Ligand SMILES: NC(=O)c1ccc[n+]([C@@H]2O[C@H](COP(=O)([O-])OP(=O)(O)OC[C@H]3O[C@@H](n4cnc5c(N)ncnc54)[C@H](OP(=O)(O)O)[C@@H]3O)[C@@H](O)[C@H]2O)c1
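This document opens with one chain alone, in structure tokens, the form predicted alone.
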């Protein structure tokens, strides 16, 4: 799918990675509709991407989330691609994280993205693409991030099933699993104490890889098995095979 002139909705465009993707897409010639929670930051992103139309939403309003793609399609005269890049993180041992925090993570990291994508699959035509950001945490258990991992794994599982179901329509379903990125996301945890983490990877190459993967029909963007930081796009099956013992 050619990005020039493509109609793209970026949900979470006020975040670090989502904002980079939205700006890069606009620079490459896409018509971008940004959506986000913070009104002031959303207005700045809309100016950056040259869009007179933007959308606010709350992750707890699932009806509003599911309507985002349809409203973007009405504005753009159709919709070619949708990317969801929203999330929240909390830290703590699994026996210590309160139920209300677990509920919040499930709402923001799984239920809201799923609602957006459900509406997106109705709005995007054959040959289009949808995608969402989960994280490498879905593959690698990390101490103090059990609730966060569980919520992202729920979204990952939904994406796998959606990919299977959408093949007959030729609609691509992308999952992006970046490592810890230097966007400040981990420092904005809703609960718990930030554990010691390695230095975050540069988010710019990941934004480019996610955008390229979305429009190239990739199934998965994850860290290269070599350095664990460089993004690599491919199929989900190939990535699973590469992680098996003896495959590198």
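Predicted model, so just to flag it, every value in this text is computed and none were measured. Residue numbers count along the first chain shown, from 1.
There is also a form predicted together with this ligand; it is not shown, and the following applies to it.
Taking non-hydrogen atoms only, residue 209 never approaches this ligand to within 4.5 angstroms in the predicted complex. Remark: residue 59 counts among the residues lining this ligand in the predicted complex, judged by a heavy atom distance of 4.5 Å or less. For residue 181, a non-hydrogen atom is located within 4.5 Å of this ligand in the predicted complex, even though that partner is not displayed. Among residues of the shown chain, residue 135 is one whose heavy atoms approach this ligand to within 4.5 Å in the predicted complex. Using a 4.5 Å heavy atom cutoff, 108, 152 and 185 all lie near this ligand in the predicted complex. Across the options 69 to 77, 92 to 100, 127 to 135, 159 to 167, residues that bring heavy atoms within 4.5 Å of this ligand in the predicted complex belong to 127 to 135. Along 33 to 49, these residues reach a heavy atom to within 4.5 Å of this ligand in the predicted complex: 36, 37, 38, 41.
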